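Next up: a single chain in C-alpha cells, the form predicted on its own.
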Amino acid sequence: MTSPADLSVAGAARGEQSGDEAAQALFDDLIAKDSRIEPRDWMPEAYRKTLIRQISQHAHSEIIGMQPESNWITRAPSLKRKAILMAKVQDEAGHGLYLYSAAQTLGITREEMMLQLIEGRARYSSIFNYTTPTWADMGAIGWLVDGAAICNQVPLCRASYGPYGRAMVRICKEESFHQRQGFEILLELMQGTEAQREMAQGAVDRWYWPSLMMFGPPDDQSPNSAQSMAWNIKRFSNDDLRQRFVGMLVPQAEVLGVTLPDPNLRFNDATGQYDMSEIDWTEFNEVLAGRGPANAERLRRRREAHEDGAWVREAAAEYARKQALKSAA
C-alpha cells in the first residue's frame, strides 16, 4: 500500500516536473517570438553553457587581440598613427570588459574565466595567433580581421540573450571605425612607393585566409552552429557569413588596388555566390590546437600581465572589504 508520505513525495515530483515543463514552454515561446531572454529568466542549462562558452571566448579574443597591435604603438610611423592605434587597443580592452560583464550574468565569475584562459582551457579566436612583421599588418588587421568581426557580430546585436545583444551594439559601432581605419592605412600605402605597395599586398596575402577561417569550420563540421541558430544566438551559418564577407571584400579590394590571394575566386552567376579555393583546414586546426606561429607567446604574455596585476586586484579587494565594514558599522 502507498503511504501518504509516498503520495506527497510523488506529488511534489510531479509539481516540479510540471514547473520545469512550464518554464521550458515559456522559454521556447520567447525564442519562437524572437524575444529576449534576460538573466533572471529560466533557461535550459545547455543554453546557459553555450552562452558562457561563446561570450567568454569572444571576451578572451578581444583581450588577446590587443597584443599584436599594441606591439606597433611605439613603432607607428607618425604621432597621429600612434594615437589612433592606442585608442583602438583601448577600445578592444573595453570590448573585453563588456563581454566579461555579460558572461557574469550567467553565473560565472570573471576570475573563473580568466583562469580558464591563462591555463589554456578556454579558446580565443585563432586569428590572433599570427605575427605582425610590418606596419601594413595594422592595415590588414583593420580591414580584414575587423571586417570579418563586423560581418560576424552585427547579427549578434539581435542575439536572444539580452546582455549579449546589448553589449554587441556598442562593440559593432567601434569595430566599424576600426575597419575603416585599417582600410585607410592600406589605401595610403597603395598610393605610395613601390615598396609600400608591396608591403600592403604582402600583409593582405598573410591575413586573407586566416580572416576567412575566423568564421569557423564548414557548416557540416561545426558541432555548435545549428543549435546556436535554433536558439537565435547566431543568425547565420559559418559558410553564409563567409560568403557575405567575401562579397564585401571584392569591391573594396578593387578600390584599394590589392589582389585577393585566391586565383579561383570568381562570382558564380548560377549559384549567386563566390566560388573560391578550399581553405587550408589543416592549418586552422593546428592553430586551434595551440601550434600556431604565436600561440605560446600570446598566452605567456597574458599570464605575465595577470601576475603583474595581482597587486592591483588585491588592493581593490582590500579597499572593497574596508568599505563594506564601514557601511556595516
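Since the structure is predicted, the reported quantities are computational estimates derived from the model, not experimental observations. Numbering starts at 1 and runs along the sequence shown.
One more form of this protein should be noted, the form predicted in complex with a small molecule, which is absent from this view; the next part is about it.
**Q** Report whether the minimum heavy atom distance between residue 200 and the small molecule in the predicted complex is within 4.5 Å.
**A** Residue 200 lies outside the contact set for the small molecule.
**Q** With heavy atoms only and a cut-off of 4.5 Å, decide whether residue 149 touches the small molecule in the predicted complex.
**A** It does: once the small molecule is placed as it appears in the predicted complex, residue 149 has a heavy atom within 4.5 Å of it.
**Q** Answer for residue 26 alone: is it within 4.5 Å of the small molecule in the predicted complex, judged on heavy atom distances?
**A** Residue 26: no, not in contact with the small molecule in the predicted complex.
**Q** Is residue 30 close enough to the small molecule in the predicted complex to count, meaning some heavy atom within 4.5 Å?
**A** No, no contact at 4.5 Å.
**Q** Among the candidate stretches 244-252, 72-80, 106-114, 152-160, which one is within 4.5 Å of the small molecule in the predicted complex when only heavy atoms are counted?
**A** Partner-contacting stretch among the options: 152-160.
**Q** Which residue, 288, 279, 265, 296, has a heavy atom that falls within 4.5 Å of the small molecule in the predicted complex?
**A** Comparing distances to the small molecule in the predicted complex, the residue within 4.5 Å is 288.
**Q** Which pick from 189, 204, 138, 145 sits with a heavy atom within 4.5 Å of the small molecule in the predicted complex?
**A** Only one option qualifies, and that one is 145.
**Q** In the predicted complex, does each residue in the set 90, 179 and 184 place a non-hydrogen atom within 4.5 angstroms of the small molecule?
**A** No, the whole trio is out of contact, none within 4.5 Å by any heavy atom.
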